Every structure is written in C-alpha cells, then in structure tokens.
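Before any questions on how it binds or moves, here is one chain, the form predicted on its own, in structure tokens.
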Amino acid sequence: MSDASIRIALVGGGVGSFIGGIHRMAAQLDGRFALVAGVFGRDPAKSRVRGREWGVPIDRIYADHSELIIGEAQRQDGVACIVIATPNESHFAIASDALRAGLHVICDKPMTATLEQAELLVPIVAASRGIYALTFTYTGYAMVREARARIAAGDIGEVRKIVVDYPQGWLSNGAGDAQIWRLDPARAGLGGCAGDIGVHAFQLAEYVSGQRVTELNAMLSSMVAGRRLDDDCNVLMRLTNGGVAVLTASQIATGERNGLSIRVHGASGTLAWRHEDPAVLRIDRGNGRSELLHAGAPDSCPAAKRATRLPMGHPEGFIEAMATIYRDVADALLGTAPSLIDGEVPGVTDGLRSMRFIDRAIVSNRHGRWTSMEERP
C-alpha cells in the first residue's frame, strides 16, 4: 500500500458475490485505494475467511457496518471511505450512517431499495459535505464518455430518438443461491429486472444523450411462474426536447449474456455503442458514410482519454471501466477534480433519477398509462 493510497472499507463481497470482488479489483487497479477493513458477509466466520483472502487484518474484519464505523473512527489510520456492495435493502442504512460519521461513500447501484429512501439520502449527502458516488459501471468506458461528449458538442445534431436494450438470460429458469435475493422484494426493492438492470439502461440513456425523461409508459412482466418481481421490462419514454426513447431490459432472454447496447438517433447522424465491443463507437451519417471510433485514439475527447489506460487496439473491459470511476472519485477526494461527481461520475442526481424511474415504471405498469417522472404515486 502506498502512503498516498486512500484507505477504504468494503461492506459486501461475501462468498458467491459477483460485484463485491469486482469492486475490490477496480478500487485497487490504479493504486489509488487500499482495502484495509470491511464486513464481507453476514456469517462472521465466512466474513473472516474472505477478509483474510483479501489481505485484511483480522482486527479490521467487523461483524457489521456499525461496528466498522465505530472501530475505524478510533484508529489513527482509519478508513476515509466505505464501499457498499450489498443487497439493495441495506444501501440506505450503510450510506447514511457512513456519511453522518464523516466518511465518503462509493455505492453500487441502485442508490437504495426505495424512492423514499433515496429522497431521504439526498439531504444527508448535502449536509455531510462528503463525496457520494454510484458505480453505474458503463459510464466508465472510454467510448461511452466519447459518445456523451460528441452528442453534447452537436456531432449528430438534435437528439430525436434513443433505443437502449439490455438483454440477459440468466433468470430464464432458476437462479443461483447467492443471487436469489434479487428476486425478493424485501431485499431488492419493488423493481426486479427494472431495478437490477433497467436502471443501468435508463441511466445510460440520459447520461449519453444529455436528455432527461419526462414521462414513461411501462410494461413489466414476470414471465417465470411464481416470481414476485418482474423479470422483463419494456418502457416507452418521452424526452425533454420532445424526442422519444425505447428501453427494453430482460433477464429471461434465453441465451443472452450481457448484451447492453445503445443507439442515439440525431438529426444528422446516429451513434451506436455495444457493451460486447466496448472499445468501438460507431457513427452513421446521413450521407451514407460511417465512422468507427476506437478507444485510445489520439483525437479522443479528454473524458475518454482519462478513461483509457492502454494504447489503441488493446481492449479494456468491465473491471477497468469501474476502475475509471474509482480513479475519478480519488481525484475528487484529493481535490484535483471535484467537479467530476454528479457529472462524469454518477452521484445523488443520477441515483435519485434512477430510483424515480423504477418507481414510475411500477406505477405506470400498475395503472396501464403514461406516468410523469415527477408524479407521486
């Protein structure tokens, strides 16, 4: 660990966890953070095993987040930031307690389990003066940031239509024990597919296009019998400028893996990005010509250059994309780029809007009608 590394604690990442291990690797990839403490599962014995595997001293592996906050506050070398990689139902309690204790927070999406919790968390973040960042990981890809910059600069003209699609197939039948919480409304919140991956698609659409959704019409379905939460999500949306958007997300698309893609149709061109080929951004022009832009190109925008570690032609993936967010948070914490939060790096604004998307989609589906993003249920 470098003396300049920011000390962090991870809450989550137990045996069978997918995203906890990704956070650990991403946080440490660029040498900006050091994992020195944590709570690595509900079972204390398993938590200790995981913590020791990751090099955490035994006296800094805690029983729960409250004990962690108290214990670290008593140390001269205590952590400065807590990373939350737990099921959704605990996001609010951990984040609010950490912020009130003077710690910064990096939280996996979604922001909270419910919209009400998200609305309560916003003033807590403001009062704390701490940094609160959300790892909407796809915003860390260089060509997603290139797309955002080009649309903001008017490269494809006024945005007319957005099509964002996120198909997965892992819930076509059953689910592994470690991920079964995603189907439990008490732990995941009221949005199933909408809350798990639909928020990624929604946030990506707004992030890349610069537009905001004003109202939506959603159809949420539970295709597998007996499920209490949706496993398939289809949403029509209207945008601030009068444009339209179509969002589809599914976890029962048999054979699909993680096929997130977005197309933004403008008045003078169409921009397209696919997660399965993340280092390439395609722009189709109205004159029949197409451009392929590659991550690492010398004429990439500044935001894309900051998100690139390797020369052009050397692919970077999901862990590197999340690591870009961690690196940006480190710059914000050290005061070198504080404006990145709630800009290039998602924060409370994106978090609140994504929770509002889940809530409004549920309301729209229930009543079978268009629903304003500002409408209360």
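In this text, residue numbers run from 1 along the sequence as written. Treat the numbers as computed from the prediction; the structure is a model and nothing was measured.
The form predicted in complex with a small molecule exists for this protein as well; it is not shown, and the discussion that follows is about that form.
- S17 belongs to the set of residues with a heavy atom inside 4.5 Å of the small molecule in the predicted complex.
- H91 belongs to the set of residues with a heavy atom inside 4.5 Å of the small molecule in the predicted complex.
- The shortest heavy atom separation between N241 and the small molecule in the predicted complex exceeds 4.5 Å.
- Heavy atoms of R309 never reach within 4.5 Å of the small molecule in the predicted complex, leaving it off the interface.
- Look at 228 to 236, 290 to 298, 109 to 117, 259 to 267: in the predicted complex, residues with non-hydrogen atoms within 4.5 angstroms of the small molecule sit in 109 to 117.
- The candidate site formed by Y207, W273 and I358 is entirely out of contact with the small molecule in the predicted complex, as no residue has a non-hydrogen atom within 4.5 angstroms of it.
- Scanning I82, A147, V213, A85 against the small molecule in the predicted complex with a 4.5 Å heavy atom cut-off leaves one residue, A85.
- Only one of R285, R160, K305, R187 lies close to the small molecule in the predicted complex, with a heavy atom inside 4.5 Å, and it is R187.
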